[in-house]
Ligand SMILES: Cc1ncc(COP(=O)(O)O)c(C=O)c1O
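In the block that follows, a single chain appears as structure tokens, in the form predicted alone.
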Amino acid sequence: MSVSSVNPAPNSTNEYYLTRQSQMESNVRSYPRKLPLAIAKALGCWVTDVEGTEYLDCLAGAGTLALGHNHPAVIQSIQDTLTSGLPLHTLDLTTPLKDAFTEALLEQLPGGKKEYCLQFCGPSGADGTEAAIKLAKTYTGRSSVISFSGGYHGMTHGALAMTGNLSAKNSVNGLMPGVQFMPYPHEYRCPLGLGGEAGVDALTYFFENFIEDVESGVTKPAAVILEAIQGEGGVVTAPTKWLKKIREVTEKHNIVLILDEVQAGFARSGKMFAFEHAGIEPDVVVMSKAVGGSLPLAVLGIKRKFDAWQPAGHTGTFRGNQLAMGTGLATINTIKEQNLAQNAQERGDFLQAEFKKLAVEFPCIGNVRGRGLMLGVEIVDERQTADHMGSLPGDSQLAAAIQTACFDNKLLLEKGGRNGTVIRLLCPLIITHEECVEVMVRFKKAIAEALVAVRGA
């Protein structure tokens, strides 16, 4: 069946396709329940449904579409690969295209190919996480792992064990053993109840003491895994001093430090990788989503001293996706040539400032945070009493209503954080100032409508 033969018929509706989807797909599907549309075409920051309605997309494939939909450089790369005669799948055999992509990707890591080598994994971020943990255990000979509350590392068995959210874990017994969770700093909801710099200082001390205390009760781990900006956890940014201390302690004790850059990487934070804001170098960097330029690919950047694999020590059939390497190369080149890291920073600064202004008018916006074009807006119930740190209870009902109202106003975005109280924006890096202004116009209208729907005011 050709692409042209599956274009929507003139009288097709979103409901028609959503009904068929519910009849043919598993109950596990999630996005169609919150964003009930069937997409007919897309370009840049805009998608068009089968009824011809245009939506401004601030979800961007959960961050996969760094250059937005159908960017000319991505499309050209696909066409060039298809007409080149290259095989589309090569396992881990190399090609000139893979060679060029490998070199370009290594150049983005601190120290480049002198410091790092790459491992191509299965196509998802969870696959990369699994490989990273397995490598750390292979290198150290140890078995336990430290992860952090609020972290998200995937839905496969081992990755889920290291993920903070309990909703998907409660129904699955026997997840990977040996995972120790520690608290992650949070500017609005300090896990120690201290808040501010006092909370950051205490958590920084706590981590070092936990590793070095001979009475901590926990043996030395193989790895520490974390996100420099927690995405699904509600766009929570790690403080620089805390990250630096984790790097210092893990290096001192030969613990593999794994940075999960699946969502925050590739210029989204205003730098190529979010860990760069702290000036640290991880031992292993997990990359997926944008690394494949919109097509499935996962890659590890491994400090050479930690490359402890024996040949075929970890494999995956789809680690040779040539189309994804082509689109990944096009994405890296476009990010550099158009300085999209700076665009992400500037557009993100504008959006943060506008959301903070909006919080004055709508006090149900309790906290605005993030870096670059990875933004979180925490929705609270300002009618309730704040805690001793000045933080208000989250309002998950209102947050859900805001997402629905945004959809009704043709704005696509996601929720996250504890109990889904954080509105998350992952705009394409190419978004313009004018489109950011339009985001705010639509969001303001949506929040007013949601307040009426939920609170009658």
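Start at 1 and count along the sequence shown; that's the residue number. Bear in mind that the values here come from a model prediction, so they are computed numbers and not experimental data.
One more form of this protein exists, namely the form predicted together with this ligand; it is left out here, but the text below deals with it.
This ligand: the contacting residue among G292, G154, G270, G199 in the model of the complex [heavy atom, 4.5 Å]: For this set of options, the contacting one is G154.
In the model of the complex, the residue from V74, I302, A126, V236 that sits within 4.5 Å of this ligand by heavy atoms: Comparing distances to this ligand in the model of the complex, the residue within 4.5 Å is A126.
Contact segment among 118-126, 164-172, 304-312, 132-140, judged by heavy atoms lying within 4.5 Å of this ligand in the model of the complex: Going by heavy atoms within 4.5 Å, the stretch is 118-126.
4.5 angstroms heavy atom contact with this ligand in the model of the complex for E232: The answer is yes: E232 has a heavy atom within 4.5 Å of this ligand.
Partner proximity in the model of the complex: V262 to this ligand, non-hydrogen atom cutoff 4.5 Å: Because a heavy atom of V262 falls inside 4.5 Å of this ligand in the model of the complex, the answer is yes.
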